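One chain follows as structure tokens, the form predicted on its own.
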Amino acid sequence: MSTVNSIEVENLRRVFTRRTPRKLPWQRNRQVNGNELCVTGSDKSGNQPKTTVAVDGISFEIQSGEIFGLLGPNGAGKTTTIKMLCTLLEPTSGTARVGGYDIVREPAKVRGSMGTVFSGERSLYWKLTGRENLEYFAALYDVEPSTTASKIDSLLSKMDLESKSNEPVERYSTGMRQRLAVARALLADPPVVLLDEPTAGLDPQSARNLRDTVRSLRDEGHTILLTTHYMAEADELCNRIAIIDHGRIIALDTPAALKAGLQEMHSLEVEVDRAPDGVLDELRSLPLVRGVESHASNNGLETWTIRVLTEDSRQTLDALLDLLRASGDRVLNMKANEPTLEDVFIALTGKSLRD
């Protein structure tokens, strides 16, 4: 394995198997025989194991010192991949190394090489202060006691939490808790940091500050594996991006190169006064359309935005307006844009990252 790569994944696969619970006697098929009700045997087909391929032979490398984005819609296999790299799940087949350590044969060394921050995870003790949390986890991570105090002071300063360090975490804002969770992940100075949706639920200023923190971690030499639902954030931060769908890597390149692949495409945005439920399938069936998605507009109003990726913006716009008029939707605003990373995602997966 090359020393210039912090993470190397080869043909990683994870299959989940489950059996249908055996039916209880009163749940089995019953047949009437004369005046008697007789219980027949259980349905054998109902007890056959069912398998789901969550990750289907993916391979990629993450270079030391880069920010690598792993993007995928819900159910694409992203979370399963992350859990395997963190040693929370064993792969069904394939191999992966983190910091040069095999995730199956050397799980303890992998965990020592990686700091993790999971979205929505309550990984802090809210009744303890910020400093007490870091002291507890420093002991848990076997941080050298003689350096613990100075390391905690440095991390509190880095995360701009010095003035609140002696307050209980339950009084922290969401952004402060997220920064403290990042500080916790950095206590053992891991070469690799995994950030799962680090800015989810944060206000714009807190999200901006956390993105600055991610960039500073890269500048300090950390390798960052980042997942996010914000395409603009991935475009801004990531050196390279892998898009995963149905358990497979379907694209891997720099954001600029991925967008360059859509040079012949056009992106249309149309804002309407209600959810366009009856129009989207008809739009997708148009011959020049390569992707369609819609979402509630982020403007505080009950309006919706339709985003269309097409090979011919003029022809598609005419067809789109005709469809909206026929369905009774009122057009409030429309514009044409250069293709973005979100358009790349829609073109490849047929859906938005929000789906």
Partner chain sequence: MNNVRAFWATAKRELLIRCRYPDWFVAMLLWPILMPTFTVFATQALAGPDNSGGEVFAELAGTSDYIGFVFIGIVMWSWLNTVLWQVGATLRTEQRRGTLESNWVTPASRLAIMFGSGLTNMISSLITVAVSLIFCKLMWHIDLTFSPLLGLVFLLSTAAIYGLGLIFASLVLLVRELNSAVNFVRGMFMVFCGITYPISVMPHWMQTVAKGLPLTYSIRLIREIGLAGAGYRDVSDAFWILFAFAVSLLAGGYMLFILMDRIAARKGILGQY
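A quick note: this is a predicted structure, and the numbers were derived from the prediction, not measured. Positions refer to the first chain, counted from 1. Definition used throughout: the rigid core is the maximal C-alpha set that superposes within 1.5 Å between two forms.
Absent from the display: the form predicted together with the partner chain. The rest refers to it.
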item: Options 78-86, 247-255, 198-206, 233-241; stretch whose heavy atom lies within 4.5 Å of the partner chain in the predicted complex; value: 78-86
item: Listed residue (260, 275, 139, 280) with a non-hydrogen atom within 4.5 angstroms of the partner chain in the predicted complex; value: 139
item: Of 124, 265, 224, 96, the one that lies within 4.5 Å of the partner chain in the predicted complex (heavy atoms); value: 124
item: Candidate spot 111, 145 and 148, all three touching the partner chain in the predicted complex (heavy atom, 4.5 Å); value: yes
item: 4.5 angstroms heavy atom contact with the partner chain in the predicted complex for residue 135; value: yes
item: Distance check, residue 118 to the partner chain in the predicted complex, heavy atom within 4.5 Å; value: yes
item: Contact test in the predicted complex: residue 129 vs the partner chain, heavy atoms, 4.5 Å; value: yes
item: Residue 179: touches the partner chain in the predicted complex, heavy atom cutoff 4.5 angstroms; value: no
item: Sequence-ordered list of residues in 169-199 near the partner chain in the predicted complex, where near means a heavy atom within 4.5 Å; value: 184
item: Core-superposed comparison between this form and the one not shown, residue 80 Cα displacement 2 Å or beyond; value: yes
item: Threshold 2 Å Cα movement between this form and the one not shown at residue 54, rigid core reference; value: yes
